[in-house]
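Okay, here we've got a single chain as structure tokens, the form predicted on its own, with questions on binding and movement later.
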Amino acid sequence: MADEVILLDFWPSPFGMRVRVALAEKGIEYEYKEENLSDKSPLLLKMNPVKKQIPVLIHNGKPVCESLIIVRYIDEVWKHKSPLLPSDAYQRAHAMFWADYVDKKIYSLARQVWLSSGEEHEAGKNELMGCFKLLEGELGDKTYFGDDTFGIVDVALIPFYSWFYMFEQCGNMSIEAECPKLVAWGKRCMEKESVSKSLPDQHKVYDLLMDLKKKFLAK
């Protein structure tokens, strides 16, 4: 019997994009269910009763939550192609460190750049650029963060490439001028079908985020 795979997601979510990229890398067919986060479905509330957040991967009726945990699960269950984590224990730990760094830093700073103003906005913008420079240093001259292999650090970070236009517009900054290797890496990743089909257009993301910002500030 074939696996039943369902993804509960929201299209501009960088966390959901991670899962979409991982599934595409593995060539896994799945049913996509778009969630309305202001009116969450009974299925989402049942499958993630603790955090009530997307993404949720439902594999043969069993839910897996939290994007990096889902990506690791996908890598462990579907081992037939495109490994996302190194087989070497040290390299795997190193990769998870950087994926965790992306997870803990980038989105919170992205929200600060997107939604705040004044000193808080400037601080967020400067810290975000500092994070990008640190990640660019880790990337170095490698093709991907996993050397020649597209892996979990790439999967963790590449969704935010779809937010780069928003960062530049809201932060009045040029990521390419400050981090040319990181932007080149993003363009390289976008040449992969698994990435290009999983990430929405940067301008479409920007328009949505600006609409959400107006609603957020109106509250």
Partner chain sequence: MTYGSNNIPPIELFIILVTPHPDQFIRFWCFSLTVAMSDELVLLSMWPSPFGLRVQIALAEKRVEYEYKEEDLFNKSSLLLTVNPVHKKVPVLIHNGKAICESLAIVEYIDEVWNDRSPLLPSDPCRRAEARFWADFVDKKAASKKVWRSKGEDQEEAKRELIEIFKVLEGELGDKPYFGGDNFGLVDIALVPFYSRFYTLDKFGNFSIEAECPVLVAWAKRCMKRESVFKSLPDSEKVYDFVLQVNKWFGIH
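Residue numbers count along the first chain shown, from 1. Everything numeric here is computed off the predicted structure, so don't read it as measured data.
Not pictured, yet referred to below: the form predicted in complex with its partner chain.
Site residues 109, 142 and 154 are none of them in contact with its partner chain in the predicted complex, judged by any heavy atom within 4.5 Å.
Between 161 to 169, 66 to 74, 22 to 30, 179 to 187, the stretch whose residues reach within 4.5 angstroms of its partner chain in the predicted complex through a non-hydrogen atom is 66 to 74.
In the predicted complex, no heavy atom of residue 132 sits within 4.5 Å of its partner chain. Taking the partner from elsewhere, residue 100 is found to have a heavy atom lying within 4.5 Å of its partner chain in the predicted complex.
Remark: residue 93 counts among the residues lining its partner chain in the predicted complex, judged by a heavy atom distance of 4.5 Å or less.
In the predicted complex, at least one heavy atom of residue 50 sits within 4.5 Å of a heavy atom of its partner chain.
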